[in-house]
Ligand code: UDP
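Here you get one chain, nothing else, as structure tokens; it is the form predicted alone.
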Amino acid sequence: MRVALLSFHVCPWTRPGQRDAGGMNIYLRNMAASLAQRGLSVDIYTRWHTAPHDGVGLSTSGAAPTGAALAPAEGPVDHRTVSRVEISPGVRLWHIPVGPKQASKARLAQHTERFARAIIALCEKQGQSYDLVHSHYWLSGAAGLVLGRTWQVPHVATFHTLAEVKLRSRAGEREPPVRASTERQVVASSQAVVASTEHERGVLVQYYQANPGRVHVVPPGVDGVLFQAQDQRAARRTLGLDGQQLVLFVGRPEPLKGTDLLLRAVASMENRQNLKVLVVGGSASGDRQIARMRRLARKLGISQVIDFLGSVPHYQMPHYYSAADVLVMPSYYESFGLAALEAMSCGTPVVAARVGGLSTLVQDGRTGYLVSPQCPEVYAQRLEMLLVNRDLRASFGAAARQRAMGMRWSAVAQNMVSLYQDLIGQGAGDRA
């Protein structure tokens, strides 16, 4: 089986925590590798870019992703500027020179058709064909519809986040009108939509009028070998940390992730003398959102407690999860919450918002605590409860690890392969 995965707006090997790179990157890396381990041939198509790769196991064939001039706005893509990165056996990552290397997601919508046409032309030139196309995020979904129709193969869509939910989750959120309309078109025209949770499935049916029979729940997974508990003191020594109580936040420091709630929760905690809060994600310098968070921390009088570390290579994250006493995810919206699953796999309890996928991933009172959104005082109470009670942390951490072990990538990939096989079989029957 040959499968084309689309990640138009962000390269899956960009380090998570930078700009638009996050849980979707990690999802695609692991899903692609796990599919290949089951005998599939997987090609991932993304745009060229200037962001650095995460630096793990990459060898490049052809032009470097950042080494070619911008392709003309009109006319065919010069395929000599296309780069191919060998990721692992059975998985290739293609960088297509379409659109500006650095652009906002809103500006990229006008380039999705050309992205799809460039892939079609490249495949014709190289004699490549696919049995199925799986797009990730709404921009890729628009390109995926073109590819599916042209190649007459099933198109599967995974959105990771949805405009209608984001706009309802936090006052002040803005999305271009083209996003919601494109999502509706992709939902209506795809042979299948993959949701991460039953909650997301319900959202797709309620807000997007999705056919329930075409929405399949396949949760993301976790690498249980990479993400396993380390000795906390050893992990802290590795990171150059001392014996303070340690709260960890992992994610891009954007408003939707609730970093402002985190800072207000820390400010309302009664005892901060032995507390350190690490914020992993974004750029430690030059990031406007981090600069805003630094100003808020100074205003709240907690600057000495908060360390903004910027993005960290993904393979180093087990040290941070293991060093932490608790992970906090005060998001206004999370379709799943992969950082929470990684922390749980390392035996770290999680205090998270009762929203989206977090509400089913974190088991309240067993693997951590769920908190009603926008309540910094409740976050403070739950954090303090865990920080002062070692036995409670140990109990929650053991239960968290057990739950995570039931969500390994091997099982996730097998469920995805079964879905692909069903769709390909249905397509062959329709064409017969």
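In this text, all values refer to a predicted model and were calculated from it rather than measured experimentally. Numbering starts at 1 and runs along the sequence shown.
The protein also exists as the form predicted in complex with this ligand; that form is not presented, and the subsequent description refers to it.
Within 4.5 Å of some heavy atom of this ligand in the predicted bound form lies at least one heavy atom of M24. When contacts are judged by a 4.5 Å heavy atom cut-off, S311 counts as touching this ligand in the predicted bound form. In the predicted bound form, E183 stays away from this ligand, with no heavy atom inside 4.5 Å. In the predicted bound form, at least one heavy atom of E342 sits within 4.5 Å of a heavy atom of this ligand.
Checked against this ligand in the predicted bound form, the residues V194, M329, I87, A265 give one hit for a heavy atom within 4.5 Å, which is M329.
Of the residues given (A163, I290, L246, M317), M317 alone sits with a heavy atom within 4.5 Å of this ligand in the predicted bound form. Segments offered: 235 to 243, 183 to 191, 332 to 340, 295 to 303. Contacting this ligand in the predicted bound form at heavy atom distances within 4.5 Å is 332 to 340.
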